[in-house]
Ligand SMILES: N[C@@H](CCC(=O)N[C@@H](CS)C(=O)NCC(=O)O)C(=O)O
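We begin with a single chain expressed as structure tokens, specifically the form predicted alone.
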Amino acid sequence: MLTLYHGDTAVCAAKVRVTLAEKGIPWEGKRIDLGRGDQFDPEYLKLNPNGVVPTLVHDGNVLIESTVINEYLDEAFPEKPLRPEGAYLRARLRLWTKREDSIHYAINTMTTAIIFRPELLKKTKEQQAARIDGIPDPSRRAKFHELMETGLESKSVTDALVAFARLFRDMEKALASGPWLMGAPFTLADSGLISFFYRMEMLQIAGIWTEHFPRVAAWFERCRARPSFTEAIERHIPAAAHDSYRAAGTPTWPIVRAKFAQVLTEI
């Protein structure tokens, strides 16, 4: 039996849900309320000391890290494979999936600056400190503190936009050879990025790729048309989340747009 500890809007949890849906693997969900701080509950931290989602439990074995979980699922359930055959092609695939970690860091940065920061600023200093100091990883704590101070002017935001620009540039080149990042087949290279793009769309900053990278824009529309998109992403995200992300993201888009345009001239 598969049990997935996940959050509704959490991009890495959605990334695993997409793989489960693509492969048709049944699973039981345990929802972790990230806004309430369930990820820092001592019992959950026994499963995932990093205090993040997702966590997969399969026949009593615990797995963390979404990229590792996706590779495990494809190996443990070989039907409907999402990895190509052959050492070389699998190595090329891993170049994409390895990159997801840095892109997730960038997604986290933008979400914190646009969504979490304004909400946290409404709270008392004591409440702010309690929320940030509960983050187990010191580097994540430091980044959160810095983003709270500087918002969209943070160097972390510029670094995130650089990471996005380089990803889109490389995707645009790869997609000249086929509909998916590895060519003809849909693979973990694609499934692992879909939820990240959807988060950017929710944040109202999709223009950073739609205005400059037509093949990437077409790729995302193909991803959206797959049944796994509805099953693994859309149906899990409540309307209230869309409303709050839209309300916070819309006024920030002109700032992000200008910053991204500058980044494109420098990379």
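Computed from a prediction, not measured in an experiment: that's the story for all the values here. Residues carry their position along the shown sequence, with the first being 1.
The same protein also exists as the form predicted together with this ligand; that form is not shown, yet it is the one meant from here on.
Peer 1: Just to confirm, Leu34 within 4.5 Å of this ligand in the predicted complex by heavy atoms?
Peer 2: Looking in the predicted complex, residue contacts with this ligand include Leu34, since a heavy atom lies within 4.5 Å.
Peer 1: Is it the case that Ile233, even though its partner is missing from this view, gets within 4.5 Å of this ligand in the predicted complex, heavy atoms only?
Peer 2: Flag for Ile233 set to no.
Peer 1: Any chance Glu201 has a heavy atom within 4.5 Å of this ligand in the predicted complex?
Peer 2: No, Glu201 is distant from the partner.
Peer 1: Does Phe40 reach this ligand in the predicted complex if we count a contact as any heavy atom within 4.5 Å?
Peer 2: Yes, Phe40 lies within 4.5 Å of this ligand in the predicted complex.
Peer 1: Hey, of 217-225, 204-212, 44-52, 238-246, which bit sits against this ligand in the predicted complex at 4.5 Å between non-hydrogen atoms?
Peer 2: After filtering at 4.5 Å, what remains is 44-52.
Peer 1: Can you pick the one in Arg92, Arg131, Lys143, Arg117 that has a heavy atom within 4.5 Å of this ligand in the predicted complex?
Peer 2: Checked against the cut-off, the match is Arg131.
Peer 1: What is the one choice in Asp101, Asp170, Glu75, Glu153 with a heavy atom within 4.5 Å of this ligand in the predicted complex?
Peer 2: By the 4.5 Å criterion, the partner-contacting residue is Asp101.
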